[in-house]
Each structure stands twice: as structure tokens, then as C-alpha cells.
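One chain comes next, on its own, written as C-alpha cells: the form predicted alone.
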């Protein structure tokens, strides 16, 4: 032993809740987001967008725009040096439109100028000669009506997936059926799309931007620019929320094209209305479900047809169809399944990734069906769910065996055990009533309802994707103290992955000081910050790299002291043998130790034509919600009184962050249930602003009792399960079920706005 003084116990490790490194800056308003980027001699970019949902382009005249004072470049598709196509799953979207536009807002040309005002003015002066065409707007017709024009070379069906399992002609004693529809939801992130491209001396370009997946952006951008990937370098800038809306390219290629053409840095920032047309949304869906059961309440079969409107380009539609199909029967044992899902092209706004990808829509439908079936059977809806719920070892309709704990019975039991909020007292504060301070009611005509929702959601990428992340970890002395530096490309979009990486390094290396290197493309891919996967895969990569670093450190001490490596431990800044410190880290790190590792999760496999696969998904997550609502039955106003949740997270890496994810996700689900919908008329968004597109505010968010279970997944690093998506999925059906219980109305469309609740809009709420 060379020293008996070593660091005090390292805090802030796995299972604790250290403060986020960006917390103070964000709460004080000092955090730099991508829209705050600046560079010397910087120009500004603007985009010319289609005003038509479907039109042929007969010509583009850029002359008036080029003649505008302060303009440096006006580019069309003829100026795209590489492949004029991109897409996260299917490269079907042009960087700049060529001979046809397929949605309102499609980019046709781009402009750079010495001020944002000049850029916008020049964009308005680009003359595009359009021949409007009859748009394709109905997704069911788009899927089946061959008389409609094909919007893409292979027709209007992006993907059709079916599941056939069990008896093809089952019989049931009790049958219920209905059609459910769900509107288009926006991610509503607060930080708009923004980035800064800087031309480099090597002929390449450096791009600083807000995104969810640096390497996906890199691959698509380099191909469009006609450059080798090492000539295009991407660095994360501050992200103001994402929720899936930043998986598709927006400003990436445009910004780089303008920078490379002008030889000057170019910045682009979308305004709010441009952001609404410039990013994808949640797929609207129409779903027909039929459930058959015995009189005792055992599910016999489910038949369903699901249509997802993908809009003009594919984006994540293939994955939405996959998830909607594989998860379309819920967390239940269903012996016989006949399910078809279509994702289709239309001339509506493009739809893509959003929190709860592909599971939000069917969960609303099948949970509504479970309530409907319970009513038909005269059963308690929770008892019906418990009678049919999956357990570990059961098979899903795809044939996949569920090989980790399924805590759904515990989730529902704990929810039922939570106390209900007290009834409204006479003379209640108007702020606690539907309508709030508008004084529309003082308690008369108020009805209360209680509803439940439960879901199954996949975690990570599925269907054969090589889902992995890369981490480089360096341990060295800086200022005489050990410092670990973690370098990954994992996008911090607000979920807390930076903090989790620090926690893992502290836990595995026993050091207090951990820096997270800026996320860029100089290290290997980490994949997207989506699918509730970053703690799983990037956490796994950081863990693997830390373990490798630790092994090097332990070998150094073992060699010096002639002891077995396996007998040593590295904790609290020191290497110990049987509790006795042999060396401080400061003495071991005469040279730095650096290791890089990839983490790949278990393989998954695509579904075949009948929907069969041994393992479609690597992991499933489960959550359950109970909502309590008060409804003004005369005005259709809803007050969510309580929105309680129980969720199994496998391992709470950062308990405070877990609670934050559940609170935030539940709020987003509440918004979808009651108010959030992108209104589209003839292919045009008519409420593309935060004035008209409503999201929950603090006044809409009810008290939430949250209980977290930790039933570890034995196949996952630390036993984690994805956290971020399930609460979004279950809050929606729970709230709608509660409104149903309060009003007796069937409510087959969400959001349940006051006019829909009262049947004043002519839609099919019953």
C-alpha cells in the first residue's frame, strides 16, 4: 500500500439522483440552444415551400430572388450535387422538389442572404409555376382504390403487415366491435429546428445542429452533398425537446448546400409556423376492432384492421405499421388473431416518429374495446384485464415468448389500491372545476368518472435492426485528480442521457469527476434518442467501456503487487484487496487509460407475411394509468382530477428523472386525449401555431401519484427497461375511459374536445 488516503465515497452513481449538469443553465435561461448559434461572417438561410398539397412544377424562376439586395445564393434541385433523396427508412423524399410537390410546405428552393429579413424576402420572390393536381387525402382509399394516382413509384402503400395466428374461424359467446379514430398530434417541442453550417478548408463542412441522431443525419447529408462521410462533421447543439420530431432531416442538407456554395457559414432557424410544416407528426389512424370472448371473460379472438396515414413521404411509417401490428392486441393472451395494418402515402402532411411510436393508436383502440367488452359481460374492467393479462413465458401473437417479468397484474393491483380523490365539496373553488376561472359552473351538472389504461411497448430497435451504441471512456489525471471522460454520439434531447453516462462512469470507475465529451460524429454511432433505448444501448456501451478501463487499471495494480486481478476492486478512488487499499487511482494513472466499446443487444428478427417472428422486439415495457375526471356535461368541459401511474422500469437509474419522464409522458397523453390535434383541411394545416394548437399547461396537469416497480430484465444492462414512452401511451385511454364513465358516451375519436363530447361537430362520437 502506498497511501491510505483516498477519495470519500463517490456519490452520484447508478440508483441515485444527482443534479443534471445543464439544470441550472436551463432554469436560468443561460443554456445555449441551436437557435443561439452564431459565427463570424454568417449568412442566413430561408426555404421556399409549396403552397399546394399536390402539384406539378412547370418551372422555377430564381431571377427576381437573386436580384434582391443582400442575397448570396438561390438553389434548386439542380444544385444538389449528390443524390437528391433522403429518408430515415425509405429514401423517397427529395432534398428539393424536382417535378412535383406532394404536400403543403415541401421545400422547392433555398436562399441565403446577409440577414434573415433579406433571405425571407428573396424566398418570397422565387417564382414557381405550379399546375395543381387533385390531392389524395383519404388513407383507406389511398390503400385500396386503384383509380387514384400513385404518389410514388411503388404505389400508395408504404407497408402492409398482417398477423394470422390460431384458429382462422374462431367462435365466441360475446362479441363487441367498433371503429376508433385518432387525430394528428404534434411533438410540440419548444426549440424550433435550427443549425449552423460552416464550410471547411478541406472542402467539407461542419454542421452544428439540434437533432436526435447524429449519424443518421450524417449518412443522409453526406450522400446528398456528394461528399465522403469524413468530410461532413456533425456536432450536437442545445436541443429544445424532440419526441421523435427531429429524426427526419429538416435544415441539415439545406444549410450545408448554402454554406458550401457561398463559402460562408450559414444559419437556418425555423419559425413556429414553418416548424409545424417542416417536421413530421404522429400518424392519424382509423382502426376497426372486433373482440370475441367467453361469458367468463376469456378472450377468444381479436380481429382488427388498422390504417395509418403516413402523408407524403414514408419516414417512420414502416415502423409504425410494424409496432401497430405486433403490439396491436395489447398485453393480453389472445389465442386467435387476425390483424392487418396498412401505412399509406397521401398528400397530407408527412408523419413519422413520435413518442410511443405505433403503440399509441392501437392502445387507445384495444383498451376502449376491453372496457366495451367488460360492459357487455357485466364485469369490472380491471378484472377483465387481469383475467387475460400476459405473464412471463406466454407467447405473443407473433409467436415471440415473453422472457422477462411482466408486472401488469401488480401495476393494476397497485393502482386499484391507491386512494381516490375526495368528491367535490359543495362550494368548491372554481379553479378545481371544469372551466376553471371562467366561472362556467359552480358545481351544477358535474359528473365524475374513473378509467384505466394499460399497455405493452417495445424498447429499442426491432425486426432485425443492428441496434447498437459506441462509447469511448478515458481515465486520466487532471489537476492531480482522476477524471473520467465519456464520449458518445448519444443525443441529449432533454431525457437525461448525459447524467446517466456520468452515473455509470462513477459507479464502474469509482471516480467523482466525470466529464461528458460534446456529442459529435468523431466517435462511433449511438443511434437515435428514441424508442426508449439510449439508457439501454448507450448505457450498455458506456458500461462496457468503463469495465474495460477498470480492467486495465486493476491489471496495473495486480502486476505491481503480484496479486490476482479478480481479487481487486476499484471503488471510491482506490484499488483495494479485501477492503485494504493497495493504491490510489492517482498513483495508478501515470498514463491515461482509454477504451472504446460497442454494445449490441440481442438480435431481433422481422415478421414474415403471417406476422410470425421468434423475437420481433428485444424488450417490452409495461405501464398502467388510472384517471379521475370531472365533466361539465352541459358544456363538454373536462377537468382531470387525478392521473395516477404505476410503471415497471426494471431499474431506476436516476429515480428523479424516472418520475419526470412519467409525469411528462402522462401530460403528453392527456393532451392527446383532450385537446391536441393538428387540424388538416384539404391537405393544409390550419392551426400551425401555439395560439391555435393547444397543449396542456400547468393548469391542466392534475396531481399524479406515481409508483415505480423495479423488476429487472435479466437481459438488459443493469436490468433497465425503457421509461419514456409507456406513460404517454396509457394516459390517453385512461382519461378517455374516465370521461366515458362520467358521461355514458362511447367516445371513439380522440382528442375528445368539448364539441365532440357534446356531438356538436357532426363527427361520430356517440
Partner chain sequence: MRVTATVNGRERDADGVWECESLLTLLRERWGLLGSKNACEQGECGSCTVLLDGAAVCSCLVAAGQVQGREVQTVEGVDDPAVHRAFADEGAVQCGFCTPGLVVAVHGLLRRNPAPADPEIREALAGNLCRCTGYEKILDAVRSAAEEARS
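Numbering follows the first chain given and starts at 1. Since we're looking at a predicted model, the values are computed, not measured.
As for the form predicted in complex with its partner chain, it is not shown, yet the points below apply to it.
With the partner removed from view, which of 333-341, 490-498, 412-420, 151-159 is the stretch that lies within 4.5 Å of its partner chain in the predicted complex, judged by heavy atom distances? Of the stretches listed, the one contacting the partner is 490-498.
Taking its partner chain as it sits in the predicted complex, is residue 26 near enough to touch it, meaning that at least one heavy atom pair lies within 4.5 angstroms? Answer yes; at least one heavy atom of residue 26 falls within 4.5 Å of its partner chain in the predicted complex.
Residue 656: touches its partner chain in the predicted complex, heavy atom cutoff 4.5 angstroms: Answer yes; at least one heavy atom of residue 656 falls within 4.5 Å of its partner chain in the predicted complex.
Is residue 661 part of the interface with its partner chain in the predicted complex - any heavy atom within 4.5 Å? Result yes; residue 661 sits at the interface with its partner chain in the predicted complex.
Within a 4.5 Å heavy atom cut-off, is residue 398 in contact with its partner chain in the predicted complex? Output for residue 398 is no: heavy atoms all beyond 4.5 Å of its partner chain.
Ok, 470, 503, 521, 668: which has a heavy atom sitting within 4.5 Å of its partner chain in the predicted complex? That would be 668.
Can you work out which of 646, 234, 454, 354 has a heavy atom no more than 4.5 Å from its partner chain in the predicted complex? Flagged contact: 354.
Heavy atom contacts to its partner chain in the predicted complex at 4.5 Å, residues of 669-698 in sequence order: Heavy-atom contacts within 4.5 Å come from 676, 689, 690, 691, 693, 695, 696, 697, 698.
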